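Given as structure tokens, the chain that follows is alone and in the form predicted on its own.
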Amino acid sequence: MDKAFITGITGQDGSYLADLLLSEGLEVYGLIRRKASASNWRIHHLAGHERMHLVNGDLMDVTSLTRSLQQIRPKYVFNLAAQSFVPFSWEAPEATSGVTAIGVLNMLEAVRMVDPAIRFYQASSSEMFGKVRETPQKRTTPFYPRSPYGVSKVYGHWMTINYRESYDMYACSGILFNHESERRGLEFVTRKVTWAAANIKRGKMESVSLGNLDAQRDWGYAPDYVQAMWLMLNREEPRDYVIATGEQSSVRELCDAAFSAVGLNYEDHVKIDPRFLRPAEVNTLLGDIGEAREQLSWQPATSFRDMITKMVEADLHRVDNNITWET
């Protein structure tokens, strides 16, 4: 039975990836830091699964990574762990750079030392493009990151390429554009908006404060995107891909989709607050998925409005049943 090792398994992508790999018949091991179990809510439904295992360790501790790989001997390693909330990366740039940049190096080095035949996936980000140099953004588009998070992701991306080319390792990166779901954290703007729409509809809130409503993103559905990760590690040769939808929506359109799903007008409830503006704004991101479509036979299956509706419906269920957003 093939084994997979996932860092960031308690996050949005890690939990959906675990679901997928278990459905494919793999044995799944997830790296977690020893801390309160409250952060594990996204994988509570997998508790007790006979092929699901959690392993204690830390991306900043190469010894723990090496030990885990020696004991597990996985065929696949998916490195999804990161401090991924862009605004917080300005508040904690050193901490963000640690796990999001150096953590990638540590994981690559552990793979190289234990078994360089392991197939390694690195979660790269559209935030690497930042102040975009061309639209749409392709695998070859120059990077111009605009946050400590984006800079850290560029480091991890290029380190993955260097290990692939220097040590002949099967190491590749998926440059994933924004992707959301019912498991998204409340700090992210999509979930902040859908949670507010559900609470306002039920009379538990009156308004929500946001920053730049004109910022545009290429938003996709997380379960679709983990399918692309799996396809990437099953190609004959490793290669990096842009994973996106090829379509763009503004934060304003996000608000309209979420509030329309509950029969409300977002203009009556959304307020602009300068505190939520980034020090260096990324105004537009749009991915070119031509290579992924042609070489991976992959394309997104869920539209933007359908995704937002799913998120609103999930949040209405939480509100109606007095369930906190993180369960």
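So that there is no doubt, residue numbering starts at 1 and follows the sequence shown. The shown structure was predicted, so the numbers you read here are calculated from the model rather than taken from an experiment.
Although it is not shown, the form predicted in complex with a small molecule is what the next lines describe.
*Asks:* Counting only non-hydrogen atoms and a 4.5 angstroms cut-off, does residue 264 reach the small molecule in the predicted bound form?
*Replies:* Answer no; every heavy atom of residue 264 is more than 4.5 Å from the small molecule in the predicted bound form.
*Asks:* Taking any heavy atom pair closer than or equal to 4.5 Å as contact, tell me whether residue 78 reaches the small molecule in the predicted bound form.
*Replies:* Because no heavy atom of residue 78 falls inside 4.5 Å of the small molecule in the predicted bound form, the answer is no.
*Asks:* Closest heavy atom of residue 99 to the small molecule in the predicted bound form, within 4.5 Å or not?
*Replies:* Residue-level check for residue 99: yes, a contact with the small molecule.
*Asks:* Would you classify residue 315 as touching the small molecule in the predicted bound form, given a 4.5 Å non-hydrogen atom cut-off?
*Replies:* Outside the cut-off, so no.
*Asks:* Within 4.5 angstroms, counting heavy atoms, which one of the listed stretches 67 to 75, 155 to 163, 117 to 125, 136 to 144 is next to the small molecule in the predicted bound form?
*Replies:* That would be stretch 117 to 125.
*Asks:* Would you say all of 182, 293 and 309 touch the small molecule in the predicted bound form, counting a heavy atom within 4.5 Å as a touch?
*Replies:* Looking in the predicted bound form, the three residues 182, 293 and 309 all stay beyond 4.5 Å of the small molecule (heavy atoms).
*Asks:* Report the residue, out of 257, 232, 176, 200, that has at least one non-hydrogen atom within 4.5 angstroms of the small molecule in the predicted bound form.
*Replies:* It is 176.
*Asks:* Exactly one residue in 169, 110, 82, 151 has a non-hydrogen atom within 4.5 Å of the small molecule in the predicted bound form; which is it?
*Replies:* After the contact test, the surviving option is 82.
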